[in-house]
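Take a look at this single chain, the form predicted on its own, given in structure tokens.
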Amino acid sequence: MIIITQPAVTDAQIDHIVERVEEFGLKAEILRGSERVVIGVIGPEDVIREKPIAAIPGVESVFAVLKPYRLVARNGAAPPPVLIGNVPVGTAQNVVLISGPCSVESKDRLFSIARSVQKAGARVLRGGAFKPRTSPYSFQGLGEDGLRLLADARAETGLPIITEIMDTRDLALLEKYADCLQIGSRNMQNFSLLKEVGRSKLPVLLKRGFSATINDVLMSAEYILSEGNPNVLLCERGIRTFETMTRNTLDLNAVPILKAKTRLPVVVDPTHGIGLREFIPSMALAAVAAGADALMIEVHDDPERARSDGEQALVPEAFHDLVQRVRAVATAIGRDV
């Protein structure tokens, strides 16, 4: 850690800063400049981060030297892929397609959509059994009945399933059925839930929150890894900005940054990112070009009758066409679908 003192800092204040740092069990090194005094703090990073050094009189600013997300950070070695069922996500070779309806609505509809996305090239089936909705009067999902249908669809198609967990009390139930747990954007900083899934053996797909910075999502992932679960995927799904033309602003800047800063696979959800059916393919192609390891795309065979997010779901034919274009972009950058 680097401490920058105020311009008018006194020798007595500098001595007090050093004394306080040493009381914390840390070592201080003083470097005097023409306008500022810089104090380097050396010691265990956990101790450094926890101490209120910025509150000491005479301190103007404090800068961390080490990243606070040490488990998440890329360490130079080739990052291992995360397995969703038997599907590896995060390999240098493949871009994985995750697809399915926003909500599980019925057996016939789910099976129809699952078969169509599998035929098109999807390798993981998504579907919500528990649905967090803005309105308490909107469809909230089928609960355990929905989980059973997802498991039946997996048996029918062979596609592993990913579904959202909203409550710590539901973990044991979801572990009976799911292959991957999704933490939705609204729960990205639900630290009790993050800790709970961190003790699960299932992989976790962590969606970026509406107003979360890249550092915020990395620290949320650190919560999961710190509990012992190393199998985390980061999902960029759009953030809220002043722009109102689209549902959210899909932050594709985050993809190469996350790939550079972390060892975790990066998933992009263009469906929620833009929220407009006609523009989802363009954002999906851009996400692959940016280096995404997987795409999560909602598909529904009758969007007009969908019980949630029908306006942003691709019909199966459009998804099939998109997969061909995604494959072409992936091939152009040395990857496959």
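Since we're looking at a predicted model, the values are computed, not measured. Between two forms, the rigid core is the largest collection of C-alphas that superpose within 1.5 Å. The numbering used is simple: start at 1 and walk along the sequence shown.
Below, we refer to the form predicted in complex with another copy of the chain, which is not included among the displayed structures.
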| item | value |
| --- | --- |
| In the predicted bound form, Asp251 touching another copy of the chain (heavy atom, 4.5 Å) | yes |
| Contact flag, Ala8 vs another copy of the chain in the predicted bound form, heavy atom cut 4.5 Å | no |
| Another copy of the chain contact in the predicted bound form: Asn187, any heavy atom under 4.5 Å | yes |
| 4.5 angstroms heavy atom contact with another copy of the chain in the predicted bound form for Pro136 | yes |
| Option from 80-88, 217-225, 108-116, 150-158 whose residues, in the predicted bound form, bring a heavy atom within 4.5 Å of another copy of the chain | 217-225 |
| Sequence-ordered list of residues in 210-245 near another copy of the chain in the predicted bound form, where near means a heavy atom within 4.5 Å | Phe210, Ser211, Ala212, Thr213, Ile214, Asn215, Asp216, Met219, Glu222, Tyr223, Ser226, Ile239, Arg240, Thr241, Phe242, Glu243, Thr244, Met245 |
| Rigid core fit then Arg305 CA moved by 2 Å or more between this form and the one not shown | no |
| Gly33: Cα shift of 2 Å or greater between this form and the one not shown (core-aligned) | yes |
